[in-house]
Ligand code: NAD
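Okay, so here's just one chain, in structure tokens, the form predicted on its own.
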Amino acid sequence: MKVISELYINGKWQTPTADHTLTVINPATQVPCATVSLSNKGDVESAILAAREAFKGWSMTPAKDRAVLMNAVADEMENRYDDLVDAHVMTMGCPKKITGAFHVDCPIEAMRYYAKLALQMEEVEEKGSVLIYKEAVGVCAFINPWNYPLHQLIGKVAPALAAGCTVVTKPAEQTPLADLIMAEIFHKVGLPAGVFNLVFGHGSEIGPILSGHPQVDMVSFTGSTVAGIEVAKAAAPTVKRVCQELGGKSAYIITEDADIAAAVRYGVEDVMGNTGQTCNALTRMLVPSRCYQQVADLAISIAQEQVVGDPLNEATTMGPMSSKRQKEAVLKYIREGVAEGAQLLVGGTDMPGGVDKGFYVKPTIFSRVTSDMVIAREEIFGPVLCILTYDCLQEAIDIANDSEYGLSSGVFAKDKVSALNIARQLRAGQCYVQGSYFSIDAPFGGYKQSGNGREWGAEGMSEYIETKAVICG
């Protein structure tokens, strides 16, 4: 069992001032896999002040030097690839054979991607007598989720470092191991003391300190909308910048003239990936009424292809939920869907066959779902797909937009041109057209209660940049 007894603050491994620990449970075995020493307010204060002091030098470091360090980090991430994979398998239960593709490859690419963008910080725009400079926002606090721990950490840290910001980060309680490895990597490559600081703790305790601290210039939070509201409240008195990637209930429109077989496969596999623990999963599949039976039959068959079980087994395609709490939440929604009158096509609340322990949930699909049902309106965050029907395309668009969320969406139509016409009418921050997948170049973030600000792409880096105008006489 891994024992994490130190925090990483000001370039040093430090023992927390309080004697409190947290046990991390392997969700596949229900056996403890790590213990973590928790930070208290004093530890967080030390981390913030270290970041504040380091900002003076790091923000003035030539961009090419920051880029060299970031590329060295990417190199070392490649050297620690197996360790990063194991961290996700151990704390999330992600099947080992797909963990690299789901959780590690993109973060390595992203570190190099933003290393290149660092050079843009020294570009000066001239407009007559006006000079426009880019400067780093300052000290950034990151509160990260458990569903994509490394992906979301690097999605924040990489652009922040490229811009010249310094960082205090807090991982989710369930998944601290990837962050620990990254602290070891930053230390090894010689990142200056105080530029990256790592503290551990419960979000309800550490989050308000980070969000409300007057020496923190920006806070980036990924998590539930409810928690995001509290982060925004805590940040408001100091008028700091807030970037939030929150909940989602993304709609996926399949048109009657689409390749139905390809469209349904894409939609089912999208929801089942990462055991449904993906904020932008296309969990509302909208299909023409005339195609319903064909869609239902295909969806059942595709869901049944999933192999649920031991993450270390080569045949496994779906692991457990991340925690007992998350499993119970998902099962509650499945029971609610049945009670509301939705038709359970496949799955349910029983333990999947072949496993007798672990926080597993069957791949589950509901049909005959209507927009007023709880399972169609609230984020379930598990391997649960809702199929809704529509009679005309405008009705499909209206159903898709009838949500308090607007994080992502999808369209599968006859061709790209047809799909793009629909995509432009969807009130969501992203739209996946014709079976497309995540891209680092695509800004990621939501409309409505799915958050504000953007991660990834050049727009993601802009969250960490202040604009200064110098007017010359």
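The first residue of the sequence shown is number 1, and the count goes up from there. Just so it is clear, the model here is predicted, and its values are computed rather than measured.
Keep in mind that the form predicted in complex with the named molecule is not shown, yet the notes after this line are about it.
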query	finding
Contact segment among 178-186, 99-107, 82-90, 219-227, judged by heavy atoms lying within 4.5 Å of the named molecule in the predicted complex	219-227
G309 within 4.5 Å of the named molecule in the predicted complex, heavy atoms	no
F444: touches the named molecule in the predicted complex, heavy atom cutoff 4.5 angstroms	yes
Partner proximity in the predicted complex: Y266 to the named molecule, non-hydrogen atom cutoff 4.5 Å	no
The named molecule contact in the predicted complex: F381, any heavy atom under 4.5 Å	yes
Position in contact with the named molecule when the complex is considered in the predicted complex, options V231, A136, A400, L388, heavy atoms within 4.5 Å	V231
Answer option from R290, K116, R325, R335, heavy atom within 4.5 Å of the named molecule in the predicted complex	R325
Residues of 133-150 having any heavy atom within 4.5 Å of the named molecule in the predicted complex, listed in sequence order	I143, N144, P145, W146, N147
